[in-house]
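First, one chain by itself in structure tokens, the form predicted on its own.
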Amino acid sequence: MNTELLGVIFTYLLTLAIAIVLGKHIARVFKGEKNWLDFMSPVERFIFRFSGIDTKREMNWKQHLYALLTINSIWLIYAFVCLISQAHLPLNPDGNPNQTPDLAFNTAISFLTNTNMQDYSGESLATYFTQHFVFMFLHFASAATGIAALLVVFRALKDKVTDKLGNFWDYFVKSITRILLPISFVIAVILAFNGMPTSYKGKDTVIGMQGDTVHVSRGPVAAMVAIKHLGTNGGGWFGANSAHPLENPNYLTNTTELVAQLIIPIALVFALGFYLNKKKFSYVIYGVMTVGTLLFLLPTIAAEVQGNPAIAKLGVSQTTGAMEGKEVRFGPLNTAYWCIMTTVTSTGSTNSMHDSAMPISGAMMMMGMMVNAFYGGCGVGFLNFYIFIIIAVFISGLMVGRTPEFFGRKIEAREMKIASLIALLHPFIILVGTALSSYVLVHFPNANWSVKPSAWLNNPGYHGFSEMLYQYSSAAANNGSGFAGLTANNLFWNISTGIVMILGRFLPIIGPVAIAGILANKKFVPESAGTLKSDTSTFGIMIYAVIIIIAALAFFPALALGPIAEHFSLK
């Protein structure tokens, strides 16, 4: 167990070291300073020239959002059409069929929104074409979209009074060419040389040790897994995701994938400090995010290492911890670390079955997605955190009896209305979705749909409720992981979670970008003796208090009905 703990500590410290260096690189790229990837400039100029884009034409916040929403709408249609016709497209050596319209609707939205919730198994309901040219393409595009949106906020915070906030297309393309693509290449090479498939051949036939014939799926897995984690996407090639031995063969690949899914969310926090020349401010943000993550991680590790009390009552020794649903090659402690890191970010990949986790672990994973602001996804993690900053500044200003100010801009009613709506949206769509599914399950158990509501849940009682609560938490946080005991590939879940994913992705982008754009165009107020300092531990504590109060008030009743009640039922 000590070895496992040292492995987790090493993994995080390695992540942090890479993230600091990467944060400096990101700041240099978007400040227009020379960097070691300047050799990509000809490629970028070709893309802009071919697309008719003038990157020198700066946009205001409304133009940024128009460009972002327009191109994402086009990608949504493209993905949907490909999925409902994939059987007739090339690169389908296994002869997999088309997806149904409701599943294609869910899948297209899922990958567009960086959620990657997979109500299908990649081995049987996706082809090499859609895995590559839909899913993998959207892995890059959705991550770059989040980074580009965040850079609008960076630019708005940097300049004193402006409505010129850079060019969306410049941010988007450079996010791919200078960040996502080169790092993905390095990760893919590491994964490929550790046994991850990179073949375009169809299923292989293997004779097992018991003489059984097994058809093993394969494909160009390594390339997809690299960007799946780096872009905090999480959508796997195989249905079992990174618990599958071909998608995560050994401890080295496991560590590589863990590092990959955290480096950009953490790096963007440090990039903010380097970009604005306000390093102390970024340290405060990093501190709040890290303390919040630790408070989810430590109970999860304790629960998984101690084992299941219900099994202990039977007199069964659990010297290795709670191993149900876990891979022996990773162990419970490393698995607990993965479970939290994949849910405090928007990655949602799995190296174990989350449905088998201890109830407290399930509660901590859900809380990570419910807060949705500790590290978070590529770009959108800080955008969510920015909403809590605005609320904390406003409350702090009222407490000392002066107009709230943040970075020299007065926060007034308009900005607070937007921030409040976005802060309340997240619990609203999670809790309404869970209430609706519970109502349908109880009152229409035998509805004549593709799957009857009575067959949705493999587990009754508290855990069954947790499965539904987790599904909407995951969809709203654009996370994509799930409690696999829920049968989600049916009309109700495909449509309802699809709607939640769209709302959970784009409104929390629109709100912070709008607030940043409005504030950037206001008169700059120089700091004075009464100005609230945003780079102090006191301000960090205030932000953390706002996050916890909002999350606790919104979600505690639902958690009490699910994982908390289940935890006490095991005693």
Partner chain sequence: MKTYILPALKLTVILIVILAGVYPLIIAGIGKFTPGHGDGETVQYKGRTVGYALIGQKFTKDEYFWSRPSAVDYKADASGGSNKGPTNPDYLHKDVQGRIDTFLKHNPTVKKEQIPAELVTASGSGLDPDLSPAGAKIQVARVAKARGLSEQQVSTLVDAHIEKPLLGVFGPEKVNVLKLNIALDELKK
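If you're wondering where the values come from, they're calculated on a predicted model, not measured in any experiment. Numbering follows the first chain given and starts at 1.
What follows is about the form predicted in complex with its partner chain, which we do not show.
Among residues of the shown chain, residue 257 is not one whose heavy atoms approach its partner chain to within 4.5 Å in the model of the complex. Looking at residue 538, you'd find every heavy atom of it more than 4.5 angstroms from its partner chain in the model of the complex. For the chain shown alone, residue 326 is a contact residue for its partner chain in the model of the complex, at least one non-hydrogen atom being within 4.5 angstroms. By the criterion of a heavy atom within 4.5 Å, residue 10 is counted among the residues contacting its partner chain in the model of the complex.
The single contact residue among 427, 485, 166, 299, judged by any heavy atom lying within 4.5 Å of its partner chain in the model of the complex, is 485. Shown without its partner, this chain lists 201, 410, 417, 280 as candidates; in the model of the complex, only 201 has a non-hydrogen atom within 4.5 angstroms of its partner chain. Within 4.5 Å of its partner chain in the model of the complex, a heavy atom is found for all three of 218, 310 and 459.
The stretch that touches its partner chain in the model of the complex, counting heavy atoms within 4.5 Å, is 357 to 365, out of 280 to 288, 488 to 496, 418 to 426, 357 to 365. Of all the residues from 401 to 437, none has a non-hydrogen atom no more than 4.5 Å from its partner chain in the model of the complex.
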